[in-house]
Structure formats: C-alpha cells, structure tokens
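One chain follows as structure tokens, the form predicted alone.
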Amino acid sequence: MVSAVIVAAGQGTRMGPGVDKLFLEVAGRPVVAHTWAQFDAAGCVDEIVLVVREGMRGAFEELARQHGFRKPHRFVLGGKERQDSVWNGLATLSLQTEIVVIQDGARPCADEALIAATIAAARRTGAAVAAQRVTDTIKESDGGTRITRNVDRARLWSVQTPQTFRVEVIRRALAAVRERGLHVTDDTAACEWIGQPVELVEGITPNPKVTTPADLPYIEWLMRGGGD
C-alpha cells in the first residue's frame, strides 16, 4: 500500500502577514487544492493524509467537498517544525502502508509520472527524492556581499518534493533526528544522518513551490499549459 502525506501546516511567512499561501487562487483553484488533486487522481497512491494547522480542518473539508476529492483521506494536526508535522503524519498511516510519499502542500505541479517514479525508486533504494540539476552558475560568499569562490555545479542538484520512502526507513531516520534534537529542512536530510542512500529522481517538467508572491504568475502559466 502507498500513502501520501501532504504537509500543509506551515505559516508561509515570506508571503507577508495574514496571507495563507496555500489558499491563494491560481488557475481557478487554491494552491493546495491543485496539490491535493494531483494525489487524488494518481492511481499509484491509495490514501492521503493531510497535515494541517490548528483550526484549519474545516477549510480543508470544504475543499474536498468543492472539488470532489474521493480518495480516502484523513487529517492530522501539524507540529512546530516541518519535521514534527511529517512525524505526526507518519503516525496516522494505515498499518498496511509500505511506501509513503511526502509532499509540500505549496508545490502543486508534481504530476503522476513524477510521483510514480519516486515510488519505484523508493522500492529499490529505500528513499528517493524528486530533483533537478542546477543549471545556474553558483557562487559562494562568506559575508553575503562578495564572491568567495565558484562552486562546480556539475555535482549540484535542487531537491524538491515528492520525497518518497519505505515507511520503516523514514520513521527510523526521523526518530534519530528527534533523539539528537536536530533540525532538518527536508526529509532526505534525516536519511543522511542514518547513512540511508537516497536516489535522485530527475524531474522532466517544472515543479516549483509557492514561496513568495512572485511565484504565482509562473505557476499560473504552468497550470494553464504553458509548460507543455
């Protein structure tokens, strides 16, 4: 069985005060509704767990009604940090779950082909992540104003979501991080702490995340077929 955990409990502070980026409309739907729709339609996913902020369950239930989402789903309250929210989501998975796909609610363009590719890679390796090769020239700076050195981009990848795991692997990795009191910004970083190999799954199409207001027009363009 394959379960998806959609992490939708963040505050999105870079959008500005009082703005919930997940509910900003893009291409006729809230951002998070597009994300949910991708997983609702994906035949390779059996159930969905949505990790939400306190007081937001009603808003998500209304999304399900408005957009006709039919796949089995449940809600769980998020934690203080993203890794805590993921941990809470893992705790509610069905006992039959073997593979878990973890997805940012604010990353609405991950299609079924990418989801399925990370699932296949996780079955092989234990852990997998959607990623794209870095194409920009990268410079390092020690103070933020002057270049210190050039960084070889040939070995650099930008990692995204979905991040997909055998359930026992990600539970063990996050447990190790929690025991050490560490803070990690994504789930594959937890795997690094336990020496778990993570397979890179190269995305063919753009897979941006809504972080600032400037991201919305680009994602709108992609949603309306501009990336085809």
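Everything numeric here is computed off the predicted structure, so don't read it as measured data. In case it trips you up, residue 1 is the first one in the sequence shown, and so on.
Keep in mind that the form predicted together with a further copy of the same chain is not shown, yet the notes after this line are about it.
Shown alone, this chain has one stretch from 169 to 177, 190 to 198, 57 to 65, 33 to 41 that lies within 4.5 Å of a further copy of the same chain in the predicted bound form by heavy atoms: 190 to 198.
Judged against a further copy of the same chain in the predicted bound form with a 4.5 angstroms heavy atom cut-off, the residues 25, 75 and 91 are out of contact without exception. When contacts are judged by a 4.5 Å heavy atom cut-off, residue 213 counts as touching a further copy of the same chain in the predicted bound form.
The shortest heavy atom separation between residue 147 and a further copy of the same chain in the predicted bound form is within 4.5 Å. Not displayed here, a further copy of the same chain is kept clear of residue 120 by more than 4.5 Å at the level of heavy atoms in the predicted bound form. Although the partner is absent here, residue 96 sits far enough away that none of its heavy atoms falls within 4.5 Å of a further copy of the same chain in the predicted bound form. Within 4.5 angstroms of a further copy of the same chain in the predicted bound form, the stretch 138 to 170 places a non-hydrogen atom from each of 138, 139, 140, 141, 142, 143, 144, 145, 146, 147, 150, 151, 155, 156, 157, 158, 159, taken in sequence order.
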